[in-house]
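In what follows, one protein chain appears twice in different forms, each by itself as structure tokens: structure 1 and structure 2.
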Structure 1
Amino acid sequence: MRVTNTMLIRTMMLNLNSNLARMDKVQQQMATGKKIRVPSDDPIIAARALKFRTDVAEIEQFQKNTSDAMSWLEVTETALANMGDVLQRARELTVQASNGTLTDEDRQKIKAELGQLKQSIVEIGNTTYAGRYIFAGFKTDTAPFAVDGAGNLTYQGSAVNSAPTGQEIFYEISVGNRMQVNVEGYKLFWDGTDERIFKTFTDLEAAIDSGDQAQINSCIEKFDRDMNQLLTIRADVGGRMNYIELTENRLQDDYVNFTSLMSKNEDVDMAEVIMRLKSEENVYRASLSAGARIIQPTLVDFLR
């Protein structure tokens, strides 16, 4: 094949150009730390990058959700613990009151303390978290519990045993997985058939007033029963907190996994890129010096 001058120069320019283009690409990878710049560089990496970004963003959101759910449940758990203490004290007082040797004055003192405990039960039921009543179902903007004129406990304005149902608040803590964060307050005082806690206090007060020793004794059992129910609810809350904790740990692992997958998918290996840049640079230099040698001399230089 004849080789002509224009051919030589063209080929040299083409080679220089493609060397430069490769160097530009490696340089870009080094500057951005990313394997690809646009989807066409590698559509597979691009599609996976999109997926990982979404996954990571979601995990971050779920982490916020779990910690918010946890805070809500912690406040609930504290309130329930307080209520447990109140019941415990109330039971002790009831045991004292059941002692037949007490004077009426002693009984009235006990009754006065019971009255305060009864009041604090309502207050605990109206516990707030960040300004929201946690036992109020969906109506967290109003205090759920009150005592009506007849001295009965009301929940959202009606009798505890006719409370609205289905006001469970759910937070999403992982894809498609929702966790109830609230305890509907009326469930503390109504087990589906009987009124609890507040009613026991009312019954006890009446029994103390009438001096009905048998009634007072039966209230000890009632408090035991109420405490059991409270414990069941606390166990449920505790179980949920446990589950959220597990989820939090899992999300933490997922986050590490997905961010490292994301990095593996789209980030360059710096050492490798630096090596490649160095070698591309060498190739470029070599082609420059080869070109400089090839294009210069012609027969002209050797003719007299």
Structure 2
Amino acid sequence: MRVTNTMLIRTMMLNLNSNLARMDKVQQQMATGKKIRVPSDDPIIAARALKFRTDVAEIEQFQKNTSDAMSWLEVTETALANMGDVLQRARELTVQASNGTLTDEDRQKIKAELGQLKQSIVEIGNTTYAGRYIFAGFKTDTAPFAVDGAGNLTYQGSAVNSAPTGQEIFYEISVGNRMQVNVEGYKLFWDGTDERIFKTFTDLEAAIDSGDQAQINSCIEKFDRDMNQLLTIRADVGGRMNYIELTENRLQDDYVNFTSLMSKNEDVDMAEVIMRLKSEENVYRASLSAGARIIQPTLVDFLR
């Protein structure tokens, strides 16, 4: 086959462009730190990258959910602890009031403090987390407890004087795993037939006014009952917090594993890329040098 100058020049240009394209690809990898720029560069890596990115995004969302759920339960646990302190103080006052040697003035002082404690129970019952009432069931935008001018309690959250309808609020903390974060108010303040804690306070205040010692003594047992119920709920909340903490640790491990896999799939070995770039640069320079030798002679050079 006869080789012409045109063929030499075309071949030279083809090789130059090919070498330049390879150098551009390596330069892109070095600049971005990624093995591929578009899916067509390597469809297998692109498919794996999409899967890993989806998994990591899912784990990040679960981490946000567990953090929010833990915060909600921490606020709930603090409220329950405060309520326990109030009930404990109310029980101590009830024991004092049961002493038959107290004067009427002493009993009225005890009643006044009980009134303050009762108001504290209402305030704790209206505890909020991020603007949401934690004991209100689904009605998180409505204060669940209020006291009218006559001292009567009204409840606006999940049903108190009827069977509970199930107003649990769940957070999804891992794949297919939902955790209840709220405590429904009726479990604290309703015993199935009457308002639990508030009625104990009301009965005690009435007994102090009437001097009914038997009724005062019965309120001690009622406060013990209320505190036991409170401890049961606190234990349940503590168990949920422990479970979420374990889930948080597992999600952190999963996040590290999946981000490591994602990095191995997508990221380049920078030392290797630098060596390849130098190699491609040398090849490109050599092709330029060879090309210059081919196209440099002209008709004028021949006529000389």
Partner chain sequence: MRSSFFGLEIAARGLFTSQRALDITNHNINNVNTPGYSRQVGIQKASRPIGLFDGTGMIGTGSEITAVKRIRDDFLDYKYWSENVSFGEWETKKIIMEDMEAIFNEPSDSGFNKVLDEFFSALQELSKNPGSLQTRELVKSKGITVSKYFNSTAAQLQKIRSDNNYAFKIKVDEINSYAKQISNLNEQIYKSELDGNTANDLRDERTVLLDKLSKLINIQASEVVVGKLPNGKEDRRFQVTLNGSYLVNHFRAYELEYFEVNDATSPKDGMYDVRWKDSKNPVEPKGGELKGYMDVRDGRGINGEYKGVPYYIDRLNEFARNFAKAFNEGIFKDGNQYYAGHAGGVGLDGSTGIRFFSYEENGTAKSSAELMASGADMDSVYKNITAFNITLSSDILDANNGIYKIAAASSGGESENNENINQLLRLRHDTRMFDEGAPEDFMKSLVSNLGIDAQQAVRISENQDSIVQQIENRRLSVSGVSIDEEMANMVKYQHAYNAAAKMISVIDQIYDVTINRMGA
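Computed from a predicted model, the values in this text were never measured in an experiment. In this text, rigid core is short for the largest set of C-alphas that superpose within 1.5 Å between two forms. Numbers given to residues start at 1 and step along the sequence of structure 1.
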Which number belongs to the form predicted on its own, 1 or 2?
2
Which item in A57, V38, E123, A112 lies at the hinge of the rigid-body motion between structure 1 and structure 2?
A57
Which rotation angle in degrees describes the motion of the smaller rigid part relative to the larger between structure 1 and structure 2?
14
How much does the C-alpha of Q28 shift between structure 1 and structure 2, in angstrom, given a rigid core superposition?
7.0
Shift in Å of the A290 Cα between structure 1 and structure 2 [rigid core superposition]:
13.6
